[in-house]
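In the form predicted alone, a lone chain appears below as structure tokens.
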Amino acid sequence: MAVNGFSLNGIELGVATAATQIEGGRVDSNWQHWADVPGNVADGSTPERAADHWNRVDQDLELLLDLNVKHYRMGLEWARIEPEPGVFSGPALDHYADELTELCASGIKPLVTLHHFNNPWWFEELGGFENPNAVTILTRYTRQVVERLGGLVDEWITINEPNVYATQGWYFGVWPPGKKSLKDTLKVMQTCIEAHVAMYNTIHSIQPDAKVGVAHHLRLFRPARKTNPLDWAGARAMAYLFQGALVKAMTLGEIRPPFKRNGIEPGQYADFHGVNYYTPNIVRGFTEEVAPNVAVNDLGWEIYPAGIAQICRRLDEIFPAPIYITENGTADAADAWRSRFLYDHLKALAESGLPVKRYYHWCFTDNWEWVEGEEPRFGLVELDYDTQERRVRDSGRFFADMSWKGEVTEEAYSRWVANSHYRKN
């Protein structure tokens, strides 16, 4: 019997990316305008160079094949596709169609994200997700994309991390549009709910057999002091407002305060559970902190592999459906513990007994990490931003071996995991 090896139990491996974070080029988007303002991005970088993927699709496809990737989650740059209101770019859609054609021809199944934090600047100037017509505008965009690309794609994510998008941009004010208002945060979340339902229905009207879902950013909210009622109350309140109410609304049409029904009927609005999992939250009163003496990544986020299965179990209890881990990864510039991270999280999933079908590692290659800029390194592929040279890391080799064999062998464990150790805070 294997001591350290294990079977993936049918979990198929893929990698995830987002258009703004890898494509490069100067695009008239909310993030380009945000990054142009000094001080908004930690290292002063912008998404203009990123990984230059827009010009290197063929090169990156070779790397995907080298990693034995079975599934590729990619985002679309809305600002490229609809550069003016109601005006859709044939060349941009053709570019994505060509990329998708190459993926499919190579045996890699695409999962396409329609909205991944990125807005055309004209939409941002209209108020973005605060605009009363936002749902109509997003639905128009969705219809154009699916009608053009639907012959190559039948799996879609409508919105990536609606809770993160709303809280970072409207509550903490550290992302565009840089507001700090709980009222506006909840308004944006409400729009995300309504937009997802409309986009879900639109896609199914064009592709009845499509699989459509949301990539939810999910965390465990744990009280810092297990016997303190204030910590328990804070943890429960944060979990409900940050994710619980949103998940039920966007999955089953179960609308609970502070959200409004606004014509949404109870029903099924997800064909799979999309899970982005990185770290848990420790709650003291109504503030968040990182527990002492725990494993952390380069950004100081706690590494807690058991949490990924715990989150998935809660989703399965809400609504039994296939589970796709649409993002999971770690900032590890030295590649010192990424193999251990992969091993621990996949082991927790494989042994959970839950219907986990896919695991998309974040990220394929190092990429522009929003307001953190180019410093954090999440990639299985190392990127030199100055030369655009790519190099598969050892953790990428481990990933490729697992994907090829459908298991972690004792040999793979000894080679890539045994000497891979987390650091603690």
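Numbers follow the displayed sequence, beginning with 1. Nothing here was measured: the structure is a model prediction, and the numbers come from that model.
The discussion below concerns the form predicted together with a small molecule, not included here.
- Using a 4.5 angstroms heavy atom cutoff to the small molecule in the predicted complex, none of E12, S339 and S403 count as contacting.
- The partner is not drawn, yet in the predicted complex one stretch among 133 to 141, 262 to 270, 110 to 118, 343 to 351 has residues with heavy atoms inside 4.5 Å of the small molecule: 110 to 118.
- Within 4.5 Å of any heavy atom of the small molecule in the predicted complex lies no heavy atom of R80.
- Contact annotation: E124 falls outside 4.5 Å of the small molecule in the predicted complex, judged by heavy atom distances.
- In the predicted complex, no heavy atom of W34 sits within 4.5 Å of the small molecule.
- In the predicted complex, E194 stays away from the small molecule, with no heavy atom inside 4.5 Å.
- Contact annotation: of the candidates Y324, Y278, W156, W170, the single residue with a non-hydrogen atom within 4.5 angstroms of the small molecule in the predicted complex is Y278.
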